[in-house]
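Below sits a lone chain in C-alpha cells, taken as the form predicted on its own.
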Amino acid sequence: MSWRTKSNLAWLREQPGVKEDEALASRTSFGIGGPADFLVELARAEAIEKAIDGCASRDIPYFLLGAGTNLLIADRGVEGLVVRVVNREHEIAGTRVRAAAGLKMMRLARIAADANLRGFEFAIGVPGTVGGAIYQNAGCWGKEIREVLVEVEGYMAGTGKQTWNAAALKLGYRTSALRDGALQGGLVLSATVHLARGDGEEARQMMAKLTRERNETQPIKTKNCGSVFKNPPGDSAGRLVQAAGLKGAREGAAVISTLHGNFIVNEGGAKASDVLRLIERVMAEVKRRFGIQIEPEVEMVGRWK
C-alpha cells in the first residue's frame, strides 16, 4: 500500500514550513538530483523529532539532509519528506565541545582553534555537517571523528531520545550503525567531542597549511560530492582510477577530475544517471585491470529504480 493517502498528504501539507515538489539539487554540493516530494528545514530539536515521529507513525518515508555532501540524489527525486537539519548551536565546557548536528565541521574546527583546543584540525577538510560526519564517521588526513568522539545525543522514532557512544554507533571506515546498522532512521541531534588544550594560533596555521594542500590536490572549487570511492585496504582509490587511465573520463556533463581521480565533477547540467554510469564504468575498469573491487563512498538517495 502506498504511503500517498489523502490523509498523509493532507498532514504533510499542513505542517509549518513544508514545501512540496521542492528542488534538492541546489541544496547539495554536487548540484545534481530531482526534487523532494516534500521538504522542511528545521532547527529546533523538538520540531525535528515531531516531524520524524509523524512520518514514522504514518509510514511516510523520510530522509535527513544536512549540508548535502557525499550524496548523489536520483534524477527522479526523493520520496516522502526530506528534513533538512539546520541547527548550528555549540557550547564549550573545558576541553569538551558539544555541537548541534547542523553545524558544519569546518566551522567547528575554527571554533575549537579559537578556544585554544587542539585535535580537531582534520575537520577543516570535512565539508559536511556534524550530523553527517557521525553518520559516516567522516575523516580526513588519516584522522576520523570517532577518535575524538565522547557521545552523541540522538533520537529514534517511537523510542525517543537516546545517548550513543562510539561503540554503540559501530563507527567504521565511512560507516556507522546509523548508515548501515541497527540505528538506521535515527537522528543525530548533537555530538560531544573531547579535545586537548593547546595553542590556537598553531591550530589555525596547521589548518591553513592543510587547506592549501587540499586546494592544490583536489577540485575544491567545482561542484562535486567529495570522495566518490572508498579506499581499498592498503591502497588509494584515486591512485587506482589514475592508473586505469580514467582521469578525464566523461559521461554527459559528469567528468572524473584531472586533478584527483577520486572526484567526479559536475561541469554543468550533469544528471545523476551520468554520474552513476561513470561510477559503474570506473568500478568495472579497476576490477578488470587490477582485480580490485572498489566500492562507492557516495550515498545514492532517492528513486533509482
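The first residue of the shown sequence is 1; numbering continues from there. Since we're looking at a predicted model, the values are computed, not measured.
Absent from the display: the form predicted in complex with a small molecule. The rest refers to it.
Using a 4.5 angstroms limit between non-hydrogen atoms, Gly119 is distant from the small molecule in the model of the complex. At a distance threshold of 4.5 angstroms between non-hydrogen atoms, Ala166 is out of contact with the small molecule in the model of the complex. At least one heavy atom of Ile220 is located within 4.5 Å of the small molecule in the model of the complex. In the model of the complex, at least one heavy atom of Leu65 sits within 4.5 Å of a heavy atom of the small molecule.
When you look in the model of the complex, the only residue of Gly198, Gly80, Gly77, Gly139 with a non-hydrogen atom within 4.5 Å of the small molecule is Gly139. Shown alone, this chain has one stretch from 107-115, 198-206, 67-75, 230-238 that lies within 4.5 Å of the small molecule in the model of the complex by heavy atoms: 67-75.
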